[in-house]
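A single chain comes next, written as structure tokens; it is the form predicted alone.
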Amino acid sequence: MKYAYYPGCSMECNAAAYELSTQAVAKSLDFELVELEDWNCCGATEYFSQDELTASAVVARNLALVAPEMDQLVAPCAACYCNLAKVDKMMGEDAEMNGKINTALKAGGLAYEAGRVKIRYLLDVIYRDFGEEGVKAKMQQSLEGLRIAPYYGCQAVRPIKREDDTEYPMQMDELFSWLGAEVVDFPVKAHCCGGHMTQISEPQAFEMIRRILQSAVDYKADMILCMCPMCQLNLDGYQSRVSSYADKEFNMPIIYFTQMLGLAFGLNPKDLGFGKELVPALPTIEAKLK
């Protein structure tokens, strides 16, 4: 099985563990992610507030790069997924914007027909296309003994309702329940991590991060699983500063769901990018797994 693949900028740098574990899990499940040739940045989120047409055309260029024989595009980053899906939807609903965007694409010898490509996030591909039977068939290590908090963030499930509940998504919960983990009833699973708010107002950003970390502590989770590079960066990278801000020492491992999935598949932790996180996850995992 093949999918067109849009990695996004973060996967090559701060989210290298996500890329490593994504490719390793794809190999285990026997599907191929065919990277778009000459893809460009999705513009993150701020660009849309500055120039919607230019931002949309930049995103649409990636959609136009999907090979004609492929009709599904997978984006592991939640923000990238949201931008790609948003522009595809806009082009299908706004004839004027569709025309302007395609005029811009034509300058580069490209064109895109809205709806030609189905944009998907990685979690949904694994959950829906392989399901409980397919995932369990690859399991080499039960995750029994681990209490995990599934954190979806706000981008993949909003603003476009497609595959999961917008307020209380469950795909990651079910996926890791299949693998034996105890999934805590994490009430802030779809709350915002603050995104780039750390660059605008640290007190507000740190409070948003603190709530997520504190909730995981309150529910006695061993770690938080993420599906977005920005979420992982904020929760892990700023954890020490949030600890100072809150006058409380947090020590919560924050890893990608694909890393934990890879462990359940019996893959080598090094091949999954373990050790790149700031709060070490392996000591907790090794102490908890039976």
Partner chain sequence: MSVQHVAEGISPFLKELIEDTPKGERIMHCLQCGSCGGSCPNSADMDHTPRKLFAMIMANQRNEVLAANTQWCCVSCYLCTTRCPQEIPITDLMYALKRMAIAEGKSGGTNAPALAKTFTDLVDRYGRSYELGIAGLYHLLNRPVAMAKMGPMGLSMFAKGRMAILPTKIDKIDQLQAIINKARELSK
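None of the values given here were measured: they were computed from a predicted structure. Positions refer to the first chain, counted from 1.
Another form exists, predicted in complex with the partner chain; not displayed. Remarks below refer to it.
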| note | Checked 142, 103, 177, 214 for heavy atoms within 4.5 Å of the partner chain in the predicted complex; positive is 103
| Close approach of residue 86 to the partner chain in the predicted complex, 4.5 Å, heavy atom | yes
| residue 171: heavy atom within 4.5 Å of the partner chain in the predicted complex? | no
| task | Check whether residue 222 has any heavy atom within 4.5 Å of a heavy atom of the partner chain in the predicted complex, and answer yes or no. | result | no
| said: Is residue 275 near the partner chain? Define near as a heavy atom within 4.5 Å, in the predicted complex. | reply: yes
| query | Quick check: do 47, 50 and 108 each get a heavy atom within 4.5 Å of the partner chain in the predicted complex? | reply | yes
| request: Tell me the stretch among 126 to 134, 180 to 188, 144 to 152, 86 to 94 that has any heavy atom within 4.5 angstroms of the partner chain in the predicted complex. | output: 86 to 94
| said: Given a 4.5 Å distance limit between heavy atoms, list every residue of 234 to 269 close to the partner chain in the predicted complex, or none if there are none. | reply: 236, 237, 238, 241
